[in-house]
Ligand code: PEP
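Single chain ahead, written as structure tokens, the form predicted on its own.
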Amino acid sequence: MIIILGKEVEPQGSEIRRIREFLENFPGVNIRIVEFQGETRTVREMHLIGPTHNIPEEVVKAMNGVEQVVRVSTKYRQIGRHDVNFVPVGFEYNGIKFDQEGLHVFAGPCAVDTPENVEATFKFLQSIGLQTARMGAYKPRTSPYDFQGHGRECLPWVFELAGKYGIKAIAMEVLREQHIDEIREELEKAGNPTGIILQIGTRNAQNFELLKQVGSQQEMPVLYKRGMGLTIEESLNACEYIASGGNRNIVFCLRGVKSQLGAPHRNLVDFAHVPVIHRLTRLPVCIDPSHSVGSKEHAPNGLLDIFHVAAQGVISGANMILVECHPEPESAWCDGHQSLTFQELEKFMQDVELVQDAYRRRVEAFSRGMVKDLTRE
């Protein structure tokens, strides 16, 4: 059960004290007060955990200071949609709004290699109007002998170049708590020229201690990638771990699930789940066509498979895209075989714009009742 408190209720006020006294009559119920910043007010909620079925909802509703009572039928207390009328969906970070309506493309190498390539990438992104990028400093690999990323060593020049070319947000994977501290420290040393979204990769999708760590800090948002073999429920509960630590600025990323049924693609594309995540949660949804497909094969019509699967996500309402690009994919230190050239990225952006326009027109058509109701025939 969740009790949404009135805007006049103070954290140490008499209303909360009386509600607590009433709830103490129900053994085993733990109370946690959480605060969220809405558009016009701070929203305070009492989250009741435990056997709440005997708590009389109508009695609680009638108590002073109570604005609304919600019976939570799902496990998603922190990321669910129960309070969207009070707290806006999504968040703003470094001047960029992330919600369930907009769309941002984060392009760049999965793993940073050289300063020259990073600068060329940022410069090109700026030329096509992008302020967002993906850049990996810490890179988990299947083989222990493959390039693992430069780590902290590359952060100063990556951040400096990002500031030089107006990149406001970079998605960057972290593998352990130390990486969070390194990113924070290097950002401060550089004067905070850009912003970092901490990425939880699919291999750490159920690393609960790491999830708690990224959740315990609130200055940087979190991009959570669905586990390659996890159900939606398991993955959303992992996001609940992050949010329960205090950080609800989360983007949920669909990146394909590991299955031989996906061949010849690297993974079975799961972008049909975009509206499912929207329906179940308040989280913006990201798609990763590069890792879903894992190659640059193309259809007879000339369109790359990466373009096709990205379109599937965008036409379903995706809010963010991770796509790999590199100045010279053939010489990239990581995932060059699936990285777009700058010319291909420009075409990709044009294709995304076309599909996004189609999505918007579909939504508008349904909202205005312009689509023919076939059920009446």
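When you see a residue number, it is the position in the sequence shown, counting from 1. Just so you know, these numbers come straight off a predicted model, no measurement behind them.
Quick note: we don't show the form predicted in complex with phosphoenolpyruvate, though the next part is all about it.
Comparing 93-101, 197-205, 184-192, 152-160 against phosphoenolpyruvate in the model of the complex, the single stretch with non-hydrogen atoms within 4.5 angstroms of it is 197-205. Scanning D270, E240, E173, D113 against phosphoenolpyruvate in the model of the complex with a 4.5 Å heavy atom cut-off leaves one residue, E173. Of the residues given (H179, R282, R248, K225), K225 alone sits with a heavy atom within 4.5 Å of phosphoenolpyruvate in the model of the complex. Residue contact with phosphoenolpyruvate in the model of the complex: H291 places a heavy atom within 4.5 Å of it. Using a 4.5 angstroms threshold between heavy atoms, H278 stays clear of phosphoenolpyruvate in the model of the complex. The closest non-hydrogen atom of L322 lies within 4.5 Å of phosphoenolpyruvate in the model of the complex. Contacts between stretch 262-287 and phosphoenolpyruvate, counted in the model of the complex as any heavy atom lying within 4.5 Å, involve no residue at all.
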